[in-house]
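In the form predicted alone, a lone chain appears below as structure tokens.
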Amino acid sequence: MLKKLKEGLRVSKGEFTEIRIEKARRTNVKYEKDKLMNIDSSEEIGGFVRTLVQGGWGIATFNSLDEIPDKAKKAHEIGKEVSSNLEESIKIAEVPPENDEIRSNQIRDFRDVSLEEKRDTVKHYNRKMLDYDDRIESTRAVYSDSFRELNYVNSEGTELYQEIPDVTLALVAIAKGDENNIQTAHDSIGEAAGFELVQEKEEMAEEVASQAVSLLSADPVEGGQYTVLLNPKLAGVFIHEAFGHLCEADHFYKNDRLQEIMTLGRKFGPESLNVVDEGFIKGRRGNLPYDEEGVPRQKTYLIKNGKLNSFLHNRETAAKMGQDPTGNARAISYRHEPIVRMTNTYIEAGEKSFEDLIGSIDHGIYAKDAYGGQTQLEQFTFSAGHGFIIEDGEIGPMVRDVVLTGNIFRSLENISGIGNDLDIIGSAGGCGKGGQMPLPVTDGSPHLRIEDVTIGGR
């Protein structure tokens, strides 16, 4: 394969050329209620060649190694055409060449597990949820795995081979009470691991069913301004969606409003607030030591001691903004060009215990887990999976329909406590951007206390 890749580099006439090949093997199993809805296994191989020609990118994809020389020539032709219509030439930041080979390490390699065992495992968890309570109306249990082999070379001398396993399990339970009272609960896990990750998850299935049933008797939260305590899962999604995307440089330099707000060194939160995008954490979803441009992934402080410290870059945005690449060029597959994306984004641990955080709250909301949300520049809306009333520092009754809204910058300023219990969480979902979805990411946080949060409700 390396010989074919180097042949593609030789025939390319661009100032810079990179070629990546991806070989992937995938399995999916899905149950809904008591029916097997999907079970499949597939393999594919494909590649991507990108050439910089007189300041313009030329791109071509292929599905056969024999196509590489012709596709390299095609990318050059496209690049010439693109460059003739550009208002501004593209440049890429310099990086030293890399030569490395990264092998995966699974306790139980899911490629050696039969499709029947995977099916039976999912069926078992699905049945656990269905049998938990007569009020469980429906369920969904979904398993997926993939094993990707990535080869990358470029005209600067970089040669990389990386393996990445990925396994996920997602469970959903829907409970029905009186009249139109229908409640949903869900949970999922995902890591760069083996089949061992999804074994012995009966307790997870029962907890999902239990939560759906508990929500039937929970009152809707009353709307208003609250001191809110976010659990690590919700706080992690919050910092990823509401702030992390604002730090992706390709988004930043195209937005005049962001350029006014997001100035390096500006204070955005308390001195104890540190927000990190850590490029490589072994075992986490989507994690590789090198990004899709062959650049080593880094640990980047987006906020350090409460102040905006850095943006996330690929080689193109780094050159444009006069900064160093951070190893954040990512693509969901060989069919897509790499764009600036997050990896493992989290708030670092603080010093407060859970008891310290909740003990000083006279009247507030303990919001747990993330059910969905959206952001519009600095405005955000997030739905918690569920919540609890906090009265006089104690956790009270469960509430539902907990929707948090506000301005991300004001919310960061209003952080009044950061826990010492950091949890970095991988789920079965993924991040979406630029038509590339779902990209495996992780996010996390310790418990986070924020003052004056708007909660929608009755």
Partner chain sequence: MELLDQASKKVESAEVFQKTGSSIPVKFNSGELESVKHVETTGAALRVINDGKLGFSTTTRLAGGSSVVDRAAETASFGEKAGFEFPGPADVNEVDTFDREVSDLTAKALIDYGKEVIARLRDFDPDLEVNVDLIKSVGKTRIANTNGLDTEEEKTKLSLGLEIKKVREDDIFTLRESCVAQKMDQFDLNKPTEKAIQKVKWAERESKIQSGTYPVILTPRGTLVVLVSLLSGLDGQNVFQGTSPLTGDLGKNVFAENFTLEDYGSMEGSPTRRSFDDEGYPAQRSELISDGKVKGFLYDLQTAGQAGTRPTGNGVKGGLISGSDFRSPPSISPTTLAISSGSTNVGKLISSIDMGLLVDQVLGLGQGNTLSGEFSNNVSVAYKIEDGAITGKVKDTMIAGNVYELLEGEIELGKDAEWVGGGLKAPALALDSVNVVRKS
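Just so it is clear, the model here is predicted, and its values are computed rather than measured. For clarity, a rigid core is taken as the largest C-alpha set superposing within 1.5 Å between two forms. Positions refer to the first chain, counted from 1.
There is also a form predicted together with the partner chain; it is not shown, and the following applies to it.
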4.5 Å heavy atom contact, residue 289 and the partner chain in the predicted bound form: no
Heavy atom of residue 82 within 4.5 Å of the partner chain in the predicted bound form: yes
The partner chain contact in the predicted bound form: residue 321, any heavy atom under 4.5 Å: no
Heavy atom of residue 92 within 4.5 Å of the partner chain in the predicted bound form: no
The unique member of 137, 109, 351, 149 whose heavy atoms fall within 4.5 Å of the partner chain in the predicted bound form: 137
Option touching the partner chain, based on a heavy atom within 4.5 Å in the predicted bound form, out of 416, 420, 407, 54: 407
Candidate stretches 361 to 369, 275 to 283, 302 to 310, 247 to 255 - the one whose heavy atoms come within 4.5 Å of the partner chain in the predicted bound form: 247 to 255
Residues of stretch 50 to 67 in contact with the partner chain in the predicted bound form (4.5 Å, non-hydrogen atom): 57, 58, 59, 60, 61, 62, 63, 67
Large Cα move at residue 216 between the shown form and the other one, threshold 2 Å, rigid core: no
C-alpha of residue 296 moved at least 2 Å between the shown form and the other one on rigid core: no
Residue 377 C-alpha moves between the shown form and the other one by 2 Å or more, core aligned: yes
